[in-house]
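In the block that follows, a single chain appears as structure tokens, in the form predicted alone.
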């Protein structure tokens, strides 16, 4: 039995990653939501996460407090779900682009904070932001063109790579970011997932407002 500790569904992109993996592969877990920047969060988070951050996966006495580490842990614990692509080369590439997302794209994170309730474009872009958007588009386009026969996700079947890029799909949707046809088709495949639709519905039902992400 797992417990997954998350923040606000409207704002917490890292929380989405751990949650989406478990939900999409139908792995049972208990959800604990601690609203970010709240007194509840400050009082409760240290009960779960030594880093004081979300998401955190609780598995028995073990705490796993990083989204990619959670994905790797679940992949090892549930090999029957093939959380990474089965092909060796595809798996290596999937890990590369997942790590690239995990460690980078700071302009996208800072300039396009996740806010599912938002549906308007940014007032002005920058060359640095445009470069990162182009890089994400390149990743999606290259993966889809190489694996289109295997399914509608980055490597055909749904995998951790899709989990890592799910918040970017939501960001591009919220900020009306224009992408190519292949990338748009991939975004629609992600947005059609019942699991992601559930997350979006829960996010829209939240009442907390965090001004930092509303600017």
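Numbering follows the first chain given and starts at 1. In this text, all values refer to a predicted model and were calculated from it rather than measured experimentally.
Below, we turn to the form predicted together with a small molecule, even though it does not appear here.
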- [ ] Using heavy atoms only and a 4.5 Å cut-off, decide whether all three of 85, 146 and 155 touch the small molecule in the predicted complex.
- [x] no
TODO: Could you tell me which one of 58, 53, 179, 32 places a heavy atom within 4.5 Å of the small molecule in the predicted complex?
DONE: 53
Task: Partner-contacting position among 102, 95, 141, 118 - heavy atom within 4.5 Å of the small molecule in the predicted complex - done: 102
Task: Close approach of residue 17 to the small molecule in the predicted complex, 4.5 Å, heavy atom - done: yes
Open item on the list: Is residue 183 near the small molecule? Define near as a heavy atom within 4.5 Å, in the predicted complex.
Closed with: no
Task: is_contact(residue 27, the small molecule) in the predicted complex, heavy atom dist at most 4.5 Å - done: no
Open item on the list: So, residue 10 and the small molecule: in the predicted complex, are they within 4.5 Å at any heavy atom pair?
Closed with: no
